[in-house]
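Let's start with one chain on its own, the form predicted on its own, as structure tokens.
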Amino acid sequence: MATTALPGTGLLKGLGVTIKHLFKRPSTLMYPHERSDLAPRTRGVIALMDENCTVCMLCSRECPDWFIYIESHKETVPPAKEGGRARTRNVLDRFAIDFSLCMYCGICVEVCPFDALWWSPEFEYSEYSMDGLLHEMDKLREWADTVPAPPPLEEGALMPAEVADAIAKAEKDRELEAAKQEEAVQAKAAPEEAAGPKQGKAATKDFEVKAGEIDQETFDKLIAEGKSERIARSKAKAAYVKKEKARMRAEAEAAEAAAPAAPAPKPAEIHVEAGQIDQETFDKLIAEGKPERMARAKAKAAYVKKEKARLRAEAEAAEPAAATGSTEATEAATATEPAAVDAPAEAAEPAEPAKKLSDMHVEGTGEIDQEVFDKLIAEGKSERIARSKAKAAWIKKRKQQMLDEEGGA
């Protein structure tokens, strides 16, 4: 015989559950005004880094739903070295994903061999129609900006070969760019010296602004347009930096306008046409294993420096000779003794100019200044740059020592 519960037992149990949860904090969030913190690797949407894509079509072939659409064309790439053979490569024209068909299995992200596809934590991309869920390459690239950085390598782990090669290539390109800038500076040095101090420095100076603040107006505008908070904050930071730089540049221009006028250029400044190279410097750098572009740039700078030193020495030697000749000619015109007439002829010969560091020649340029080398290595410079600068410092010290010995003799 079944037992029956007392009347009102169910009501008391229901009231007990109600009372139990009455004083608890609700677990719901008032979205979109309240948002929960997402995990660092949240799988929200698939993003594309188009610069990594090689159009291998693996993602499209492995996709179970066939919703990835890729279009490309072939281009001929010139050979990397002279005498090589040209090759063809695929250039990405279109990469689209239809998220109305995607089941978020992540196979396309896993099979991509060049890390072109990533999981982005963005999840607010709902649309009112299914056609709006077909996103093209520009939208997928915008989502890629929100992908968090990969975790750091464990202690003792080897860096991937692709990353190591990319870092080495970046350092090499940085050295070539520095050599190119040095060549441009040397080429512009003569006209700028002849024209006096540079005007308009505030227009070209790169002001440093500490990042961290945001432009609230830009932030509110982007939030009102429906952008995610992360994208709005990053763009508002960029807008703040831009406005702050414009303000600092305007203040610098106002201060420069209020400053006194620049002094007139000195008549002794020398102008040298760039284009020639110092063959000795060029051969030495090539023998040290430097690339031809860097060796040529430094040889041009050495030629301009030597030519300026030579012209300046000739000008300095001509000025005392001219002054001595005019003074003694005046004395000869007023003097009555015949011995005084012969004096200008002896003094008219230009005096031998004093030797400078550029006139000295040093044998054995393979030595380095160890102190300078250690200092540059401690500052984080590459071994090649530290060694070249240490060689230059050793040559300079040796020339100064030889110049002091000749002066003492």
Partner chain sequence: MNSALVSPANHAVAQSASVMDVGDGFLLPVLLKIAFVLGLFFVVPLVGGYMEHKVMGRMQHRRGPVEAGPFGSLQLVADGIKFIQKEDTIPRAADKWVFAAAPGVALVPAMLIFLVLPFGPGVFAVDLELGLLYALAITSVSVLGVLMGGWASANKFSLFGGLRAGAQLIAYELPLIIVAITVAVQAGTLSLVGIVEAQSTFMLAGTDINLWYVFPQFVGFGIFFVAAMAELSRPPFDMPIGDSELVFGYMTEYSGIKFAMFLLTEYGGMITMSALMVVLYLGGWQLLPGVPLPGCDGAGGLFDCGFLGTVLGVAVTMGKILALVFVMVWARVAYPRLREDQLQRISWLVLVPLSLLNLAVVTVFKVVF
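Residue numbers count along the first chain shown, from 1. Everything numeric here is computed off the predicted structure, so don't read it as measured data.
Beyond the structure shown, there is the form predicted together with its partner chain, which is absent from this document and is the topic of what follows.
No residue in the set Q216, I223 and K245 has a non-hydrogen atom no more than 4.5 Å from its partner chain in the predicted complex.
The closest non-hydrogen atom of S27 lies within 4.5 Å of its partner chain in the predicted complex. For K396, no non-hydrogen atom is located within 4.5 Å of its partner chain in the predicted complex, even though that partner is not displayed.
Its partner chain is not shown here, and in the predicted complex it never comes within 4.5 Å of any heavy atom of A392. Under a 4.5 angstroms non-hydrogen atom cutoff, its partner chain in the predicted complex lacks I385 among its neighbouring residues. Contact with its partner chain, judged by heavy atoms within 4.5 Å in the predicted complex, is confined among 40 to 48, 27 to 35, 377 to 385, 55 to 63 to 27 to 35.
For the partner-free chain shown, nothing in 74 to 104 comes within 4.5 angstroms of its partner chain in the predicted complex, judged by any non-hydrogen atom.
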